[in-house]
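Okay, here we've got a single chain as structure tokens, the form predicted on its own, with questions on binding and movement later.
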């Protein structure tokens, strides 16, 4: 695993010690993503408005090590919300981070909450 990828670790909601206030809900496109920076991490945040849910994951594509996942296409695979990398169309579960093509390591997933029309992403540090 590259040093760059090793900085990203999935955070479960019960592990959150910091809720990072990202931006107002209105700053995010419906059924699309935006990239936010937290310390030295780039995080892709998605407003999956068709499902009325929010997701966050590392923005770094594990295949080419480019920060592009926030520009990927949202969809679902057998009911699992997913993001498709815009470079090579590999897909990842937005719930578990699992590579749904089965040929790459999982990506890091982060909890999201909405409070008073602001988006927050959870981190464990």
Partner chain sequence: MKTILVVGNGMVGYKFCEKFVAKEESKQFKLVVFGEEPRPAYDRVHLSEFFENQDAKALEMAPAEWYAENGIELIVDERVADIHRTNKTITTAKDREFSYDYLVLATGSSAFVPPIKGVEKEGVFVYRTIEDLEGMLAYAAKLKAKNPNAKAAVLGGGLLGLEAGKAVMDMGLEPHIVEFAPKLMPRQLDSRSSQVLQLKLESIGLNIHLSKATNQILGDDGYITGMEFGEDDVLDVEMLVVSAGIRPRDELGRSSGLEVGVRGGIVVDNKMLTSDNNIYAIGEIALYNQMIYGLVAPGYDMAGVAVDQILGHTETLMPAEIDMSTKLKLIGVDVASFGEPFMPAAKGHSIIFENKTQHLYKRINVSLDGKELLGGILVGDASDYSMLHQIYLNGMAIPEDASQLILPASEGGSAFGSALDLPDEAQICSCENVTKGEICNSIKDGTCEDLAGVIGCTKASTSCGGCKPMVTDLVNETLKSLGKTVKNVICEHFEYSRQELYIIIKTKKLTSFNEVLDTCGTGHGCETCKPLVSSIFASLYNVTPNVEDVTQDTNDKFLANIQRNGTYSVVPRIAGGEITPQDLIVLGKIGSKYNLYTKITGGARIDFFGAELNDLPAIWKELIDAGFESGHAYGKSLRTVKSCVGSTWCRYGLDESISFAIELENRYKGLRSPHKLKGGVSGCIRECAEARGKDFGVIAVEGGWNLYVGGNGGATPKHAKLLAEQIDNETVIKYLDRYLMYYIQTAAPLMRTAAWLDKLEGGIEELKKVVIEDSLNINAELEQQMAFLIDAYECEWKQAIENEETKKRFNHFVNSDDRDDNLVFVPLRDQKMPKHWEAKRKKAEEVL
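Residue numbers count along the first chain shown, from 1. Please read these numbers as outputs of a predicted model, since none were measured by experiment.
Absent from the display: the form predicted in complex with the partner chain. The rest refers to it.
Asker: Would you kindly say which of 112, 22, 16, 108 lies with a heavy atom within 4.5 Å of the partner chain in the predicted bound form?
Answerer: Partner contact (heavy atom, 4.5 Å) among the options: 22.
Asker: Is residue 54 close enough to the partner chain in the predicted bound form to count, meaning some heavy atom within 4.5 Å?
Answerer: Close contact is absent here: in the predicted bound form, residue 54 is far from the partner chain, nothing within 4.5 Å, heavy atoms only.
Asker: Can any non-hydrogen atom of residue 62 be found within 4.5 angstroms of the partner chain in the predicted bound form?
Answerer: The answer is yes: residue 62 has a heavy atom within 4.5 Å of the partner chain.
Asker: Please tell me whether any heavy atom belonging to residue 31 falls inside 4.5 Å of a heavy atom of the partner chain, as the geometry stands in the predicted bound form.
Answerer: Yes, contact at 4.5 Å.
Asker: Report whether the minimum heavy atom distance between residue 3 and the partner chain in the predicted bound form is within 4.5 Å.
Answerer: Answer yes; at least one heavy atom of residue 3 falls within 4.5 Å of the partner chain in the predicted bound form.
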